[in-house]
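First comes one chain, alone, set out as structure tokens in the form predicted alone.
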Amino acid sequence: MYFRPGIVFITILLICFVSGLNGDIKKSPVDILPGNIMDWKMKDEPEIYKGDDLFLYINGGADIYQEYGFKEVYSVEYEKEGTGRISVEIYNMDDPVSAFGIFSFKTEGKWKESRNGNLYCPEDYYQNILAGNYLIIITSIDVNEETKKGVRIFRKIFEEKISGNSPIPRIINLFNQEKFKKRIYFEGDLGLMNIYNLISTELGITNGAAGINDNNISLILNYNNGKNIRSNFSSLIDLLKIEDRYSEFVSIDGGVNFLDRKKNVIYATTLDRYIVIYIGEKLDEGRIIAKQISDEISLIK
């Protein structure tokens, strides 16, 4: 009988995996990819996309992965006879912070912590896991109760065998988790644009965070690691005034209040080394959120 080399290789990896692979997050994604799991059989060898080849794999949306710091993705399908298929994708990012960023973008801040310190977001038919540099996405392709159960089995395997430091960036912790339904960390202008299209020009931000509730969005922007914050704030307001969509600019409490086309209230100010922007229904609400963020800054210092 002839065995394909790739299948033999994956089978050997599975033996190592089940017998106690320590889940070193510095290993290649293929080193943590399980072979056959119970009745779930790997259909083909993993597809691998590196660098700009991601655009061949993702039809729209690859830009945001690139901005966060994408290196490579391994993709493979598993099938259980008479049940359906499950896909596993392992995204290897530049570093744990980059991985956290894309994880927060996909899960919108609705994550939990596993027993070994990884973060995960359990949904009905798919699971997202963050472990060090890796974002692991397990998806039920053919949605039924058995594939949903299979997704949970795969998640438990990854959680038990992969451990790694998943640091939450300081800037996202400025949004109190109990006060915001969603929290997203972004790196660069594209990430900001995907959350709220603030301005039509590039701002050149270092990174930022968004706190989102049902009726408001709050943004924390970091320019050049906080250097010349007042100058950056003044330049930003000047750019916003040029935009046709904003009107009725009023200076207030060291910040600026104005309206967008939908008559949403926008309140912008500086706190410590950050620019904070609220988009919502009430100015007072924006000022309260700014005070909450200021309090969090004081606690973290």
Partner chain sequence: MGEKISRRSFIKTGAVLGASSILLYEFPKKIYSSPKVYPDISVVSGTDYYDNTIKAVASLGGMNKYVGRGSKVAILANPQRPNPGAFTSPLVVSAIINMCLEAGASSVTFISWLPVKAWEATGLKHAVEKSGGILEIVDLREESFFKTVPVPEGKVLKEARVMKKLFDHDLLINVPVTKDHLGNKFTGTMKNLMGLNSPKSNRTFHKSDWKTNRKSIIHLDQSIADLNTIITPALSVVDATEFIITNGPFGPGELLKPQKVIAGTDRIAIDSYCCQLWGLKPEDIVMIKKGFEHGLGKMDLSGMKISEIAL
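All figures in this text were calculated on a predicted structure; none of them were measured in a lab. Positions refer to the first chain, counted from 1.
Not on display, but discussed next: the form predicted in complex with its partner chain.
Among the residues K179, K106, K71, R155, the one placing a heavy atom within 4.5 Å of its partner chain in the predicted complex is K106. Only one of I275, I32, L236, I64 comes within 4.5 Å of its partner chain in the predicted complex through a heavy atom, and that residue is I64. Here the chain stands alone, but in the predicted complex its contact with its partner chain, taken as any heavy atom within 4.5 Å, falls in 201-209 among 114-122, 171-179, 201-209, 215-223. In the predicted complex, no heavy atom of F258 sits within 4.5 Å of its partner chain. When contacts are judged by a 4.5 Å heavy atom cut-off, D52 counts as touching its partner chain in the predicted complex. Its partner chain in the predicted complex comes within 4.5 Å of no heavy atom belonging to I229. Residue contact with its partner chain in the predicted complex: D44 places a heavy atom within 4.5 Å of it. Contact annotation for 184-214: residues with any non-hydrogen atom within 4.5 angstroms of its partner chain in the predicted complex are D189, L190, M193, N194, N197, I199, S200, T201, E202, listed in sequence order.
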